[in-house]
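Single chain ahead, by itself, as structure tokens, in the form predicted alone.
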């Protein structure tokens, strides 16, 4: 299969019939968990990711006493790949969580100041990602599921200083809808939304986070290959253009 995919890429083709700059079919199912304050399942081709949002009362950071807290966690389910074994998140899951966290945080998509409760108390927003099927392009799928879950999330009601689950005081204060477009370099060509086999063959990948005002909010370079300045500029323009397709799904 790997050789077959490589031969197709060398000829400017992909085995699923897409051109280099097309996404696979994307499906989003929202509110898939009744126990979460917000949730979403994203299917990007055969890649499947679920995001759940839970909220709790916590202490603010000392350098931002009037702001709520965002914490993103990710794990690979043992059913997601034959290579995954049960246990704590490995370095790949940790990196995935950090990229998603950076995109959400640096885009200022959540108005964290509105999560202030009282002195010494703020809302902590937990985004928990579970990868159900590892078939490529996990970052884009995870960011998309996280944003959909956050935009559906509601703030639990507080009575006598305690959280009343399944009763809500309002929606999570969301501002922007950042998404990522992962642009892969294969020889002198660029392609988006790689499958797992394609990811094994690419030279390098540039993950670009884009807000809905077309501002770049995060960049992550992966892989052993390099990008020239002119290629990076081309990738940024491409990410802004293709981000609009993803954002319409949120």
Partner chain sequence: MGKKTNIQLMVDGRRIDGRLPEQLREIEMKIGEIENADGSARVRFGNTEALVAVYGPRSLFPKFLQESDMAILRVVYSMAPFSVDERKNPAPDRRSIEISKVTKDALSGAVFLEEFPRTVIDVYEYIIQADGSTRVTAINAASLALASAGIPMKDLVAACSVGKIGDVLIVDLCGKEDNYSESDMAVAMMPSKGLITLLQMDGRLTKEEVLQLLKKAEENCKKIYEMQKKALLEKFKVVGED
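Residue numbers count along the first chain shown, from 1. Given the structure is predicted, the values throughout are model-derived calculations rather than measurements.
Beyond the structure shown, there is the form predicted in complex with the partner chain, which is absent from this document and is the topic of what follows.
Of the residues given (26, 201, 219, 70), 219 alone sits with a heavy atom within 4.5 Å of the partner chain in the predicted complex.
Screening 41, 36, 206, 191 for any heavy atom within 4.5 Å of the partner chain in the predicted complex leaves a single hit, 206.
Not displayed here, the partner chain is kept clear of residue 241 by more than 4.5 Å at the level of heavy atoms in the predicted complex. Of the heavy atoms in residue 22, none are within 4.5 Å of the partner chain in the predicted complex. Among heavy atoms of residue 16, none comes within 4.5 Å of the partner chain in the predicted complex. Contact annotation: residue 106 falls within 4.5 Å of the partner chain in the predicted complex, judged by heavy atom distances.
Residues 63, 91 and 223 are all found to lie within 4.5 Å of the partner chain in the predicted complex, as judged by heavy atom distances. Per the 4.5 Å heavy atom criterion, the partner chain in the predicted complex is contacted by stretch 97 to 105, the sole one of 158 to 166, 97 to 105, 139 to 147, 114 to 122. For the partner-free chain shown, 222, 223, 224, 225, 226, 227, 228, 229, 232, 233, 236, 237, 240 of 222 to 248 come within 4.5 angstroms of the partner chain in the predicted complex, judged by any non-hydrogen atom.
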